[in-house]
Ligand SMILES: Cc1ncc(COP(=O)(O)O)c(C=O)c1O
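What follows is a single chain, given as C-alpha cells, in the form predicted on its own.
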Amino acid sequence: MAESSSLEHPGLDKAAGEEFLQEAFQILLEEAVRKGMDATEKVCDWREPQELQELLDLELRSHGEPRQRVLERCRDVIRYSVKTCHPRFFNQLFSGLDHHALVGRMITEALNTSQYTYEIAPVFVLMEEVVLAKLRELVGWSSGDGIFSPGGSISNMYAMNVARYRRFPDSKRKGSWALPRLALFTSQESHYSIQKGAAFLGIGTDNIYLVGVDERGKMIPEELEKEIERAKAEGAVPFFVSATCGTTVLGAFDPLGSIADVCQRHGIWFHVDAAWGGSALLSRKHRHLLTGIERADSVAWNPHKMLMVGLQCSAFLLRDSSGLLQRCHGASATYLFQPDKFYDVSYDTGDKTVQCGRRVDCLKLWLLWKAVGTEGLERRVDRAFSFTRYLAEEVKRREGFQLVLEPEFINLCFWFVPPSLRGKEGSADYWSRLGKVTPVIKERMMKTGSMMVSYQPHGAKVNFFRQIVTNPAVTRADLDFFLDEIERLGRDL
C-alpha cells in the first residue's frame, strides 16, 4: 500500500532541481566561460593523477550529498580541467568557445533526443539535412547525401564501408566470404583512423598501401599509380583511395585533381579526409587548397575544429544521391522504422548510420551559422591564417627559433634552439640534444599553467612544436606571449 501511494507524487523535486540548475549555470558562466577565456587565468592547474584522485574524491557512495557540496564538485571539475577555450591553449586542432554554439549544445542536452526518426526529432531531422546540404554545396555538389557522425575517424570508416558495399554489395550479407583480398591506399601522412578503420572493418592493416609523399607531406600521384599497379600484381583488388586535406602534423593538402585522375582511370572510390582542412572551403582566399574536392565520392569534414562549433561535429558527405548510405547500413528495425507511419518515412534518416541512438550534432553549427552567417565563418578562417602568417614571420625573425617548413595551412611547426645549442649544428649530438628540449619546455608550461602547445617527432625529424590557432579571441599579444614564454622556459636548457 505504501509503495502504491508513493506513486501518487513525483519522484523528483522539480523546484529544487531548477534552483540547482540556476546555481550551476552561474558556476558554468563564471568559472568555465569567463575565467576559462581570461588570458590572466591559468590554462590548466596541473596535478599528478594520485593527487587529483584525492582532490576530486571520485568514489561513488550509497547516499547522496547536499546541494552545496555537489555544486562544489562542479567547481572542482572545472578548476582542474584544461581550459580549451583559453586564448593561450594551442594544443589541439580545436580551441576556443563560441557562445552561440555553446547555447546550441546546451539546448541539445536539455532536449535529450535521438536523431533517428522524424517523430522524435522533427526539428533536428530537417535541420540536419539543411546543414549537410550547405556543406555539400561548399564542396561543390548540387545533390548528395550524408550524416553527422561521432568524429572524423568514424566518418573515414563510413567512407571505407560504403565504398566496399558499392563495389561488393553481397558483403553486407555474406561478409568477408564474399570478398577477394581488398586493397586501400592513403599517404604516409594520413590520419591513423585509416589504420583503425581497416582493422575494425576486417580489411586488415596489411592491405593498406601507404603512398609516398613529397618534402611537404603531400601524396605523390605517380607513387599512388605505382602502388595500385603493385597491389593488382599481388592479386589484390584496389577499391578505395583516401586523400588528406590538412594532415595532422604538417597541415599538408594532397593534390586532389591528380589523385582523382588516378582513381577515375582505375575505377576506385575517391575519399577526401578533410576533417581538419575542410573549413578552408569557406574562405574565398584559401579554398584553392582544396581544388578538385568536388570530384571526390565522399568527404569527411569536422566543423568542430577550425569553426569552433564544439565537440563533436563531424560531417560525412556523399556525392551519391541514390540511397547508397541507407542500403549499406540499413537494418529496417520495425520498432523504429515502421513503413506504415502516418507521415513521409523518408524523413526517418536513422537507418543511414551504424548507430541506433544518435546525438544531435547539427544544432550548434546551425545556430552559430545563423548568428554570424557565412561571411562571419569566412572571417574566422581568414583570421586563423593571419595568426599563422604573423607567427611564421616572428619565428623567422627571432633568434633561437627555426621553422621546420614554411606553413601552407595553419599548422606552424618549429624548433626552439636554446642558447647552449646555437651555432653547434655540426655537432654529432646536436639533433639528439635538440630533441630533448621540447618535452622539457612542455612540462614546464603545463606545471606553471601558462599555456599549452603540442609537440612530436616526425619521421627523421626530432621533437618540434606544432602550434595551432583557431580561437578568434586570440590577439597579437597572446601570440607574442607564446613565443616569449617558450624562450623564457627554455633559455637555460
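All residue numbers refer to positions in the sequence shown, first residue = 1. Owing to the predicted nature of the structure, the values given are computational and were not obtained by experimental measurement.
Unshown form predicted in complex with the ligand; subsequent notes refer to it.
Counting ligand atoms within 2.4 Å of backbone or C-beta atoms, the overlay of the ligand from its pose in the model of the complex onto the shown chain yields zero, and the pocket is open. For H191, a non-hydrogen atom is located within 4.5 Å of the ligand in the model of the complex, even though that partner is not displayed. At least one heavy atom of G152 is located within 4.5 Å of the ligand in the model of the complex.
Contact annotation for T244: at least one heavy atom lies within 4.5 Å of the ligand in the model of the complex. Contact between F387 and the ligand in the model of the complex is not found at the 4.5 Å heavy atom cutoff. Against the ligand in the model of the complex, the set D145, H329 and V354 makes no contact: no member has a heavy atom within 4.5 Å.
This chain is displayed alone, yet in the model of the complex one of Q115, T186, N156, S95 has a heavy atom within 4.5 Å of the ligand; that residue is N156.
Contact annotation: of the candidates K83, K364, R88, H304, the single residue with a non-hydrogen atom within 4.5 angstroms of the ligand in the model of the complex is H304.
Listed stretches are 244 to 252, 173 to 181, 391 to 399, 412 to 420; the contact stretch with the ligand in the model of the complex is 244 to 252, by a heavy atom cutoff of 4.5 Å. Scanning 258 to 297 for heavy atoms within 4.5 Å of the ligand in the model of the complex gives D273, A275, W276 in sequence order.
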